[in-house]
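One chain is shown next in structure tokens, namely the form predicted on its own.
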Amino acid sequence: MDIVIASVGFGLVTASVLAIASVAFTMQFGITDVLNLSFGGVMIASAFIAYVVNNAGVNIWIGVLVAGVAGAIISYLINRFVLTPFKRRNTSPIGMVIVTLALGLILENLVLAVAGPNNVSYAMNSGPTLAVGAFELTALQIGMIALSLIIAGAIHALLRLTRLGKAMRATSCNAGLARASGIRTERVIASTWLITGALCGISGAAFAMNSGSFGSSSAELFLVVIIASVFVGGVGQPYGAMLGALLLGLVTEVSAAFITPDYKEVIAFIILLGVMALRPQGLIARATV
């Protein structure tokens, strides 16, 4: 029983990291209509930029912010100079998926060429441990959970309380109608890539912190879990992505207490298949007008 309680703590940390990434991924898809398989490449590139900063003696939390800036810049450049030209040529959705997959491989191999094949680790202090029975979390892990909650609150405020958020929701529902209503959808999409790119970079650094060590291809399997949580929660639904991340984070870590951790991704896809069979629209369905 103690190992199950302890695994719940690990699950909350994993769910926090997964929630940040899943919200960014589902917003990119829901608003820009691009299934971005270069997401993992941007995550790991941002994580390595944070490593360079951290290796220079800067606190890891500053490195996380730097990773967010790096993710925003990389994602904006990807949209501006690669995806937008392809969309102007009316590239099919599957063609765009292939383009983003190629971009992800390019980013991973660039990181491999620059950083080398060896795994690296951040220089960070986990801090004191908060223990309630078998439930234990370090100060670093509590900080990651707090970061996820802050980002969740910020995304809620953005989507519900700001003009940009309302424009994002309108573009997500019907880009053509939003454009005809006077919303500058190109600016909305560019802003979306900046915001979600920042979240992608932050999630990359948080993922690296939670993993302990990471390399150029470390985010490949995590991208699989991100996609699973997005589809479990409901494609294009930020709140669904948060719910899916919480579910998968807890279940995969608790299941690892009974089976080998190598099968955590398999558990995530079993849950995905179950949800798709019983509720294909996801746990939170998109409202249809």
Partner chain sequence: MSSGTIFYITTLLVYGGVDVVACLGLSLQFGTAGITNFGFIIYQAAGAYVAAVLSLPRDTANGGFQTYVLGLHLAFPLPWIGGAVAGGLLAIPAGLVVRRSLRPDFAGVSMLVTAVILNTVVDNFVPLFNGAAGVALVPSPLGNLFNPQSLKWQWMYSGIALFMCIVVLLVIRLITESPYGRSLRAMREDETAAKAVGKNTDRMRMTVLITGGAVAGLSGAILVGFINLWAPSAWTYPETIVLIAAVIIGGRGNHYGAILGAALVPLGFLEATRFIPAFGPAGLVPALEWIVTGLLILVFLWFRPQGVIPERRHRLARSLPAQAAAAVSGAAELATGPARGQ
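Quantities reported herein were computed from a predicted structural model and do not represent experimental measurements. For clarity, a rigid core is taken as the largest C-alpha set superposing within 1.5 Å between two forms. Positions refer to the first chain, counted from 1.
This next part talks about the form predicted in complex with the partner chain, which is not shown.
When contacts are defined as a non-hydrogen atom within 4.5 Å, none of Val8, Ile145 and Met209 contacts the partner chain in the model of the complex.
The closest non-hydrogen atom of Leu37 lies within 4.5 Å of the partner chain in the model of the complex.
Taking the partner from the other structure, the partner chain in the model of the complex has no heavy atom within 4.5 Å of any heavy atom of Ile155. Contact annotation for Phe258: none of its heavy atoms lies within 4.5 Å of the partner chain in the model of the complex.
Contact check for Thr162: every heavy atom lies farther than 4.5 Å from the partner chain in the model of the complex. For the residues Met124, Ile73, Ala102, Ala134, the 4.5 Å heavy atom test against the partner chain in the model of the complex is passed only by Ala102. Of the stretches 166 to 174, 126 to 134, 196 to 204, 81 to 89, only 81 to 89 has residues with a heavy atom within 4.5 Å of the partner chain in the model of the complex. Shown without its partner, the chain has Ile98, Val99, Leu101, Ala102, Leu103, Leu105, Ile106, Glu108, Asn109, Leu110, Leu112, Ala113, Pro117 in segment 98 to 136 as residues with a non-hydrogen atom within 4.5 angstroms of the partner chain in the model of the complex. The Cα position of Met276 differs by 2 Å or more between the shown form and the other one after fitting on the rigid core.
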